[in-house]
Every structure is written in structure tokens, then in C-alpha cells.
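Before any questions on binding or motion, here is one chain by itself as C-alpha cells, the form predicted on its own.
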Amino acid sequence: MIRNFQQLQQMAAERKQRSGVKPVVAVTNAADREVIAAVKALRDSGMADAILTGRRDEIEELCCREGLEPFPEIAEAEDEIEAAAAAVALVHGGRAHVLMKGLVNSSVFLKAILNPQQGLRGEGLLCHLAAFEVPGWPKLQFHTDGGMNLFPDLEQKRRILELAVEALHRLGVDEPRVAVLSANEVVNPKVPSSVAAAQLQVWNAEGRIGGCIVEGPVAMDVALSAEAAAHKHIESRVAGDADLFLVPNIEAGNMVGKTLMYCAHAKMAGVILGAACPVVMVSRADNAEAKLNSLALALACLSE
């Protein structure tokens, strides 16, 4: 059980110690104060080193302001397009292990990742895994996919689930409890998410989706509360103890995540899975702490 982001950062640092190799993060267009502050915290923590891309003069000025000395390696790039290509090339060439979005438009960043010649796209689907540290909740909640795939079909949901479970295994969660969310626990042909959820549960029972416990369809109250399940007379191994919440679509995932952050004051980290390396695609508006948490999640998801 991973209780909070502090523990996640410790896990990332310990992974580096076990492997004997210090990971490197390639940062796309790092000329941003919060990015530099996150890189400083990353280096101070011992989790990883970084190579920064962008305009050298701007980056070095920010490094001086934030006390990031000696300067990390900087790959000169004149604009965000060049910076994105340079950062992806660092991973592609084996010099970096994690890719991070800095002061760059998301479309430019993704275009560099998906470049058919020099990009980092894996064999298939990319998906977003979010981790939430919710005050009063005993462990991190993991949600997928509220950030990449709009309205995934059944096969896409299966792949999203497999990628997320694989990541949780790397985080030390040996058999994640998965709640496949829908409006309630009754399969209704008019509610496609309920039909897909039931099929995913069947595939899990048949062993076609392994390494986890899948239940669906599950309403959010049952996923969060064993008492709610008892009141509904639902027998469940997941209720009140879910590790992973598989949302129906990007709209639901976005709403749940924003509600947790703004109403429950949750902290969030996120990583893109399915590429050649973990990808940190944070918002340009995120502060240094949020960026550092996402870096810790990505580093902890690295294979040893």
C-alpha cells in the first residue's frame, strides 16, 4: 500500500539504489521557474538527474535564481518544437529514461512523441494514469484513463487496464483491486460502460486479464465504501479497498479528478503509459510540487 507521495518519492529513490543506475529525465523546454524548482527538488532528493532542453541563456538564468547549481546538462533548442524533438531524441538514443513536458504546448509535445521515425510510441495504445493523495484516505488512489483516450471501446479499456495494472505491479501493488466504474452495479444495455465493465470482470475471472482483481460494473459509492456495498447487499472484494478506478471515459475521469482536487483538496500526479518510456505530461500551470510528484510516479514505474 502506497500511502502518500512522500512514500512514492522514497520508492523511486530506492529503485535507483537497487538498480545501481541513476535515471535521467529529459525535460522539454525547461525555461520555466516551476520546472527548474521541480528539477532542483528531483536532484536534491537523489531520485534522478535531468537533461534540460531549450534556450541556454534563459535556463541558466532560472537555474541561478532557483539555486540549481552546478547547472544540469542543457541541450540548446531555439523553440518548443526543437526542444520537444531534442528531448525525445535523448530518450530515443538511450541517454534519458523518462520524458517530461515543460513549457511546451501539449499538441507539440505529443507530436514529437508520436513521430513515426524518431518518436517514442510503443506498439499500441497510450493512456494516462493518475494518482491522488486524498486527505483522510489511507492510500493513494489510482485512476485511469481521464487524460488521454476520449471514449475507449471494450478492447481499448482492456489495454488501458493492462497498462495500469502493470504499472501498479512496478509500484509494489502485487494484486491491484480494480473497480470498473459505471452508474450502478446492474448491467444495462443502454449504459455501454456497464456492459464493458461486466465483460472485463468475466475476462479477469477467466484469466484473460491477470494480476489483479476486477469487479464491474461498480458505482463510485461501492468502490469507496464497504458500508455502501453492505447496504446494497453486494458482496465485493474491492469495495472500500480499491487500488485502481477505471473510469468510463475522459469526461468522467476529468470530473472525478477535478472534484477530488478542488473539493477534497487532493494532490495529483500523472504519467502517460504505453510509450517507450514513462512520460510526464503535466500542465504548464502546475506548481513544482505537483511536477515533482509526477516525476516520482514516472520514475517508480520504470522497469528495473
Ligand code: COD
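Quantities reported herein were computed from a predicted structural model and do not represent experimental measurements. Numbers for residues come from their place in the sequence shown, where the first is 1.
The same protein has a further form, the form predicted in complex with this ligand, not shown here; the description that follows concerns it.
This ligand in the predicted complex comes within 4.5 Å of no heavy atom belonging to Gly119. Heavy atoms of Asn188 never reach within 4.5 Å of this ligand in the predicted complex, leaving it off the interface.
This ligand is not drawn, but in the predicted complex it has no heavy atom within 4.5 Å of Asn184. In the predicted complex, none of the heavy atoms of Gln201 sits within 4.5 Å of a heavy atom of this ligand.
With the partner left out here, this ligand still marks one of 140-148, 72-80, 85-93, 217-225 in the predicted complex; by a 4.5 Å heavy atom cut-off that stretch is 140-148.
Note on contacts: among Ile51, Cys63, Ile250, Ala276, the single residue with a heavy atom within 4.5 Å of this ligand in the predicted complex is Ile250.
Contact annotation: of the candidates Leu171, Val134, Val195, Leu110, the single residue with a non-hydrogen atom within 4.5 angstroms of this ligand in the predicted complex is Leu110. Heavy atoms closer than or equal to 4.5 Å to this ligand in the predicted complex belong, across 113-130, to the residues Leu114, Arg121, Gly124, Leu125, Leu126, ordered by sequence position.
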